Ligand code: MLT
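A single chain, nothing else alongside it, follows as structure tokens in the form predicted on its own.
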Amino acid sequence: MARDLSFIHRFEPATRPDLAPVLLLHGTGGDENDLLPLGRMISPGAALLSVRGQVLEHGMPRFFRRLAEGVFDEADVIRRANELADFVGAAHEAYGLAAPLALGYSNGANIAAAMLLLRPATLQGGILLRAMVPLAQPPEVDLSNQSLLLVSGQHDPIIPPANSERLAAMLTKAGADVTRRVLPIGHQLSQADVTVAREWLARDKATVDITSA
């Protein structure tokens, strides 16, 4: 199901409207279909809004440009994060959604982190799987109302441990309630990610006042 909004996307209505909607953001080469099964496993019954990145790298969709692996075009990060935040606002009107919980993987986790630093009111928290620091000098922001889960891979060949640690420290300094977990895996997703994310959600951090929809 997709409406004529600014991003190609899929929307699955909630069967449990007491749960926060989930904004699904894929990794490099993915699309709007990739993370739907993950969203269903992590937050069964929640509304799912799954978006396709608009940047192509050798034909592979991404959410922003990079200059090399691990080197981001930060001007493009800022532009694309604001465009995605605008889309989420339009989806709020089109589908009657409250601010969603971001569930991002790799490039999708990075754009979610950028949205938190640039447009924090767009989201009501996030699960960031294999995220990196998106902006070297982010603006000052108040994330005191945000609860975030960062999951890193101990053997990740792409993301140095110091980078994910710096992101966690950056978000914590901004006031977010950050839970960071390091799993004995690499960059790919695993069942352990699902387990950790479900346990984190069970802390009742992701329920939503449906009157705000």
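Sequential numbering from 1, following the sequence displayed. These numbers come from a predicted model, not from an experiment.
Separately, the form predicted in complex with D-malate exists; it is not shown, and the next lines address it.
In the predicted complex, at least one heavy atom of residue 132 sits within 4.5 Å of D-malate. Although the partner is absent from this view, residue 52 stays clear of D-malate in the predicted complex, with no non-hydrogen atom inside 4.5 angstroms. Though the partner is left out of this view, residue 66 does reach within 4.5 Å of D-malate in the predicted complex, counting heavy atoms only. Contact check for residue 162: every heavy atom lies farther than 4.5 Å from D-malate in the predicted complex. Stretch 104 to 112 is the answer when you ask which of 118 to 126, 89 to 97, 136 to 144, 104 to 112 has residues with heavy atoms within 4.5 Å of D-malate in the predicted complex. None of 158, 56, 41, 169 but one reaches within 4.5 angstroms of D-malate in the predicted complex through a heavy atom, and that residue is 158.
Along 68 to 91, a non-hydrogen atom within 4.5 Å of D-malate in the predicted complex is carried only by 72.
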